[in-house]
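Have a look below at one chain only, the form predicted alone, in structure tokens format.
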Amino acid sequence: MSQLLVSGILLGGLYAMISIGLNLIFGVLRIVNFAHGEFIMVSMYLAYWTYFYYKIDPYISAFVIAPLTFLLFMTVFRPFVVKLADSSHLGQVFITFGIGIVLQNLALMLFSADYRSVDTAYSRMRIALGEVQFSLARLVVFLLSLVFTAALYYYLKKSYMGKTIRATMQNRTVAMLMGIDTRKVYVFTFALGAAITAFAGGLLLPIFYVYPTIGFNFALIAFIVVILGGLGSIPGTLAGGFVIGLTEALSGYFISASMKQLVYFCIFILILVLRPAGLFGQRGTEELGVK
């Protein structure tokens, strides 16, 4: 039983890591980014080819890919983000969904449908604590998810930019009247969310194979984690990840591995019936804004 709990917690940390960036973009800015999974896929390919050609460890290249992604969205893709933020929700759905399809098919055309992975010194390394064993790579992702959650929560609560982000998502009109450049806030937040997503993609490479359609699975789980934890709630992302991770581990063992998605979807629906705003969401945030 202890093995299942540890596996579920580590898996939950992994799910939280891939969902933090989405919570910034979807939960705070209310931009429905259906290309989130493809952002992860592209960053995994970047980490793979960096390792393939230059033998740079994915955990090192992730620290390069993330800042480059941030700079790209702050400069080259800035007009796109502004246009996306000003679009209707339906327009955002079509735009981001279309971008996801384009990125997916470009990856298929350039890299084929082959499954690719890296073989590092720690890829198959396992740590044993008594009867409990777990992967070193998953432990690293789990610890980093805790660090990123705490750092982002503190940044949004204490920093000036964090306060402007929260003010903008609570009421964009009032924020503009107070002198806040809301377009700058939207671009910065989108770029930060994309950078965190790119960083997560690099961390996932030693654990998962990368192929053009892998993003769909990650995006589905990330949306569930964000909504389950509460829109805009960074600690809620971590809690939502743990709920899904533990549900997968326990249901996969006691029921069936093929039924684990059904089980966590049932739990997801049940929690939203009881708490429409999610576990850590504020009442009304599912309709008006986030805390």
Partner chain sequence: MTKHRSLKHEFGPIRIVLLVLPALLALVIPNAFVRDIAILMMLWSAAASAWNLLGGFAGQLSIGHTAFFGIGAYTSTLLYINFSVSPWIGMIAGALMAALIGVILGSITFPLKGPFFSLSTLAFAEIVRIISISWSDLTRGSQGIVIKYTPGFGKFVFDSPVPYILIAWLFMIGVYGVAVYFNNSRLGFYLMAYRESEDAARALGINTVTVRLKAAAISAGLTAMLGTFYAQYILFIDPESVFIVDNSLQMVLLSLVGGIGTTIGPIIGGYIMVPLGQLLRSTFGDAVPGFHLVVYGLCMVLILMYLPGGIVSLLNRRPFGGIRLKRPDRRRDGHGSVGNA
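The term rigid core refers to the maximal set of C-alpha atoms that superpose within 1.5 Å between the two forms. If you're wondering where the values come from, they're calculated on a predicted model, not measured in any experiment. Positions refer to the first chain, counted from 1.
From this point on, the text means the form predicted in complex with its partner chain, which you will not see here.
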If the criterion is a non-hydrogen atom within 4.5 angstroms, does every one of 6, 118 and 126 touch its partner chain in the predicted complex?
no
Please determine whether residue 45 contacts its partner chain in the predicted complex, using a 4.5 Å cut-off between heavy atoms.
no
Its partner chain contact at residue 239 in the predicted complex, heavy atom, 4.5 Å
no
Taking heavy atoms and a 4.5 Å cut-off, does residue 134 contact its partner chain in the predicted complex?
no
State yes or no: in the predicted complex, is some non-hydrogen atom of residue 68 no more than 4.5 angstroms from a non-hydrogen atom of its partner chain?
no
Heavy atoms within 4.5 Å of its partner chain in the predicted complex: which of the stretches 239-247, 220-228, 48-56, 35-43 has them?
220-228
So which bits of 96-126 sit within 4.5 Å of its partner chain in the predicted complex, heavy atoms only?
97, 98, 99, 101, 102, 105, 106, 108, 109
After core superposition, I'd like to know whether residue 51 moves between the shown form and the other one (criterion: C-alpha shift of 2 angstroms or more).
no
Core aligned, does the CA of residue 264 move at least 2 Å between the shown form and the other one?
yes
